[in-house]
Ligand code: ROI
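Only one chain is shown below, in structure tokens, and it's the form predicted on its own.
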């Protein structure tokens, strides 16, 4: 089993409910065991004029290979009405593999660690609830250092996991 961290996000169709449904689907993934969920956070969209996003990070232990996990996550997104029309556009659900063990993956469909997570408070702060701040990424940076470089500004913690 490999510990993976998955970013969850939604800004359409009752985002908190979308994330709750996604969590239930993640708990049912074959060859996987649920390991935890961060609090929910809200933040402004990267693109102006969109509704605020609700985000969280989930932890799973899985036997699924990285691309098989990606396929499973995209199937969950599609089942919840995800339509891909615009990069960083509004969405019912976004599930991103942030970390897959300590692996570095550079495939056309998948980049792990997630390329932009080091600059996204809505990823780093929920992740910090699931791993220690001394956590070291594959490139040698610590979570603590990334948190210090990415302020909490604009982020609101909504609720602890249930």
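The shown structure was predicted, so the numbers you read here are calculated from the model rather than taken from an experiment. Residue numbers count along the first chain shown, from 1.
Keep in mind that the form predicted in complex with the named molecule is not shown, yet the notes after this line are about it.
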query	finding
Stretch in contact in the model of the complex with the named molecule, which is absent here, among 24-32, 61-69, 39-47, 126-134 (heavy atoms within 4.5 Å)	39-47
Close approach of residue 100 to the named molecule in the model of the complex, 4.5 Å, heavy atom	no
Sequence-ordered list of residues in 50-79 near the named molecule in the model of the complex, where near means a heavy atom within 4.5 Å	50, 53, 55
